[in-house]
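Provided below as structure tokens are two forms of one protein chain, presented individually as structure 1 and structure 2.
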Structure 1
């Protein structure tokens, strides 16, 4: 179960959210002109993506991926977002949305409802993808420990 009030879960939901939705919520939060400082300008950069191989569960570097991080302080609450790809506006909006929820802004219930809808959509999409591909799954046997 994904919890939009949990910051780690919220990061994932913001990254999966559409840029237009993030911009709409950011505009709603900024409508009253609260104090906002941008601590990290949104700039695309490459970061190393690390994954865990499935046999021995060892981490390895898959390769570099393009992301756009941004960080803000909104009315005393800090917000951060890192979105895949080159998405400066959406990253800044995501950081504002994160700060709004962290600071319990009056728009928080609407933001949380939208993030829960994103979580439901992501879960349904994964369920459909698994239903389509589960019949093609291959069960491998490894020779680990065999002589």
Structure 2
């Protein structure tokens, strides 16, 4: 069970959240003009994906993945987010949302509810995709002796 109050779980949920949702919450949080400093500007960067090959068990570099990280300090609370792809606005919004929950901003219950909905949606999509794949599971029958 993922917990949006947990920093690591929250990171994953923010990464999976729609940019529009993050921007909406960020705007709500910034509406009262709280002190905000951007510690890391949202800029696309690369994460090299390393995979362990299964026989020799040797790690190798599969290729780079485009991500956009951002970090802020909001009213004394730090926030960090990383979104897949080139998504500067969503990453900055995500960092503000992360900091807001860390600092127990009044929008926290709404943010947590939205992130829980993301978790539910992710789980449903995952299960649906798996169910569809399993729907194509096949038992191949050998045809020995048949002409």
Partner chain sequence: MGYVAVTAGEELIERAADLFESQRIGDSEDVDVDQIRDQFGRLTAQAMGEGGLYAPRLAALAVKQAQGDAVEAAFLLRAYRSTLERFDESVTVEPSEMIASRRVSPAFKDVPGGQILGATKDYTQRLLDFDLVDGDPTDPTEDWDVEDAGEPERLTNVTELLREEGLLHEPTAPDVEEPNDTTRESVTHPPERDEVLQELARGETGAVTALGYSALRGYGQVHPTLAEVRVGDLPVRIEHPYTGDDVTVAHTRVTESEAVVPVYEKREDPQFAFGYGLTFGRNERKAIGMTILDASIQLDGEAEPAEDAEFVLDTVDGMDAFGFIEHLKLPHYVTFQSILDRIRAIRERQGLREDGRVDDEQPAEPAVAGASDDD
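In this text the structure is predicted, and so the values were computed from the model without any measurement. Residue numbers count along the first chain shown, from 1. Here the rigid core means the biggest group of C-alpha atoms that line up within 1.5 Å when the two forms are laid on top of each other.
Legend: structure 2 corresponds to the form predicted in complex with the partner chain, while structure 1 does not. Positional change of residue 61 between the two structures reaches 2 Å or more at the C-alpha, relative to the superposed core. Residue 131 is not among the residues whose C-alpha shifts by 2 Å or more between the two structures once the rigid core is aligned; its shift stays under 2 Å. Once you line up the core between the two structures, the Cα of residue 37 stays within less than 2 Å of where it was. Core superposition gives residue 51 a CA displacement of 4.1 Å between the two structures.
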